[in-house]
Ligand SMILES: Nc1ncnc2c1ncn2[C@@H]1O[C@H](COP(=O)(O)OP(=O)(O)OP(=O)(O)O)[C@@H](O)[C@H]1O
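One chain comes next, on its own, written out as structure tokens in the form predicted alone.
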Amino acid sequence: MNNYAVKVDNVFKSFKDETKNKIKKDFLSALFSRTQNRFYAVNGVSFAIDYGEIFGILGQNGSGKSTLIRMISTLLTLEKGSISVFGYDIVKDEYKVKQHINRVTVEASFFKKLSAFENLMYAASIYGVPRDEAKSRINEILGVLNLDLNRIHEPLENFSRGMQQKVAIGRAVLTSPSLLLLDEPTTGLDPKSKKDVQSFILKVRKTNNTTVILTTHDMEEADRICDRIAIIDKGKFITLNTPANLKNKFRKENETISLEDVFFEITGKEFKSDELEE
């Protein structure tokens, strides 16, 4: 067994900054702009995640969370550095990495005219899950997520965003991935749906020893389910520790402190969730 489930070593990823110098006067300035007018979405990030750990990444919009998740899931190329998943290099062993992972984003895509059941059965068939096993697992997973099983044969376009997000999470765990990448999975969900999803993540980890990377805007969510959290700002990790240790570090005598308070103490910024509406 490899020492870590995920290892990220000195990773960089930059993009062209479209806001700078859109019109160039000559060839030399244009050539200069191709190398200089870039910003680092991920800027020298390194960390390692243990097997079965729920690892949270907190940061405001544009801080680099989603870029990092997309690189780990092989959807974005690395500019510099290396990432391994269960010992497999995401560049050299891309296919093997994909066999171990599944990903949920804040805006999951579906065949909206098809039902939840049809979408999930289609996903199961792609991954080679036998039909009878898939049916059983679909009912079990959606039941745990408290999705009304009487509605799973309705078109997904009739579902609220929160219900669709539960189906997306069900689809991700249907294949029993070893690494679950959750990119703001509960953004915009009502409080009850959030708790359902959070409880389900904990259950999946306990039952399958699944390793989870979670990006979130919800500080209470991170505090509740993450073993460790990293705060990312302008593409850099500026702290990494357990939620309890971070709060203890900044807590004054007889004071109650939240992770939101910790975020402000570390970054000097008030945390803005910018959550989507249900």
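Numbers follow the displayed sequence, beginning with 1. Model, not experiment: these values are computed from the prediction.
The next section is about a form of this same protein that is not shown, the form predicted in complex with the ligand.
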Using heavy atoms and a 4.5 Å limit, would one call Glu184 a contact residue for the ligand in the predicted bound form? yes
Taking heavy atoms only, is Ala41 within 4.5 angstroms of the ligand in the predicted bound form? yes
Heavy atom of Asn61 within 4.5 Å of the ligand in the predicted bound form: yes
At 4.5 Å between heavy atoms, is Thr210 in contact with the ligand in the predicted bound form? no
Thinking of Tyr51, Arg171 and Arg205 as the candidate spot, does the ligand come within 4.5 Å of a heavy atom on all of them in the predicted bound form? no
To test your reading of this chain, name the stretch in 242-250, 63-71, 222-230, 43-51 whose heavy atoms come within 4.5 Å of the ligand in the predicted bound form. 63-71
Which of the residues spanning 197-233 lie within 4.5 Å of the ligand in the predicted bound form, based on heavy atoms? His217
